[in-house]
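What follows is a single chain, given as structure tokens, in the form predicted on its own.
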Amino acid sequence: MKHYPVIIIGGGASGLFLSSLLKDSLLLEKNHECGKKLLVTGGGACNITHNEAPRDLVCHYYEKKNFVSTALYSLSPEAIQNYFLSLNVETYIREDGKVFPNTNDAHTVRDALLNGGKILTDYTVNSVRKDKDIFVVNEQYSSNNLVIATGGTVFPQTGSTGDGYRFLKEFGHTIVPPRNALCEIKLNEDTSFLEGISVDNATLKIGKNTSTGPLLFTRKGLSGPVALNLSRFIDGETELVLKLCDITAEEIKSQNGKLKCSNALHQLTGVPQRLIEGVIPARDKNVASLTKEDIRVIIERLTAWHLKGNTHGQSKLAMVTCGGVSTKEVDSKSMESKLCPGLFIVGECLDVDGETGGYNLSFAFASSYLVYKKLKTDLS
């Protein structure tokens, strides 16, 4: 049985990042190549982080702000960019704050992380056990330190099938039921005729949770940052309230009475005319002929459109998993298990998910960096 100081299970973003830092580690990956999910992030361009100060960055992780703080302060977006620069990967910052490699090619990022510890691909981990202070993997490799970096359950075609949850349950960990996040919201109402229409500053509300920003209508529902960021709150059929703009009855009545309703509303609100024509029944009337009921419907559709949606069948398209290993059982300063010394859990395997925009890769890298800091000290 061959012994390594550190064994990493999973060759995704977090596992590869740690492997690149720990040259004497062994990384085990079941796919033929590492980083398959990393290669499709950011539309294949790989949005590695978001250019923000850590104090702002931590606010994009929903209820896990406190848990992610140590990691994100330890490896800031600037530090991530500098680390990749040390690997000869130059980056640029888009106007929206997203950070990409100059090549706009995720292969550049993935390949830079391959030059670290030993990597075995096409290797399936079937068993993990602990014998006193030693972890034993497949009765073939052993280590005093084991890192689970197997990701979540979404995008299973890249290998994210929740394998790590099985091992972690055996070590006593609680798994918060995983569900789809950062995915399209499928609407019960047919809006296929609105496909391709975008709204720059829409507001979507799900329960007490609200998101404002760009919204895109798809063939089956809603996408764009607003929908993606709130999709994690959907469990089964869920009530949604969509606000496309602010408008009052007085503003509508003040428009030129001879104007066609759809034209007047477009000029008044900036909402795309095709969207107005698709959802406003009185679209062809002149403003002067609008009834009180017409105006009520217009205001309801544009400021508080009630819809029902779900995320069923989205696991193959969702970008990240909401749920995973309970963060109550993990030390946020090192990512070490509180239940099993020497066991570390990083990245999407944890019950941590961020908004769209490079936040999930930021945490993947930063959580692995904490493990590196801990093990670097312990192994030196």
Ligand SMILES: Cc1cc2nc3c(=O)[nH]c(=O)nc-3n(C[C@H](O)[C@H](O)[C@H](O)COP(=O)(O)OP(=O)(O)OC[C@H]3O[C@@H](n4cnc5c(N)ncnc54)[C@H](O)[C@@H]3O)c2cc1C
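All of these numbers come straight from a predicted model, not from anything done at the bench. Start at 1 with the first residue shown and count on from there.
Below, we refer to the form predicted together with the ligand, which is not included among the displayed structures.
**Q** Tell me, please, which stretch of 283 to 291, 297 to 305, 163 to 171, 253 to 261 lies within 4.5 angstroms of the ligand in the predicted bound form when heavy atoms are compared?
**A** Contact criterion met by 163 to 171 only.
**Q** Looking in the predicted bound form, any heavy atom of S326 within 4.5 Å of the ligand?
**A** Judged by the heavy-atom cut-off of 4.5 Å, S326 is well away from the ligand in the predicted bound form.
**Q** Does the ligand come within 4.5 Å of any heavy atom of L26 in the predicted bound form?
**A** L26: no, not in contact with the ligand in the predicted bound form.
**Q** Within a 4.5 Å heavy atom cut-off, is S19 in contact with the ligand in the predicted bound form?
**A** No.
**Q** Flag V320 as yes or no: does it have a non-hydrogen atom within 4.5 angstroms of any non-hydrogen atom of the ligand in the predicted bound form?
**A** Yes, V320 lies within 4.5 Å of the ligand in the predicted bound form.
**Q** If the criterion is a non-hydrogen atom within 4.5 angstroms, does every one of G10, G42 and G358 touch the ligand in the predicted bound form?
**A** Yes, because G10, G42 and G358 each have a heavy atom that approaches the ligand to within 4.5 Å in the predicted bound form.
**Q** Just give me the single entry in V125, V199, A112, L194 that has a non-hydrogen atom within 4.5 angstroms of the ligand in the predicted bound form.
**A** Selected residue: V125.
**Q** Though the partner is not shown here, which residues of 205 to 230 have a heavy atom within 4.5 Å of the ligand in the predicted bound form?
**A** None of them.
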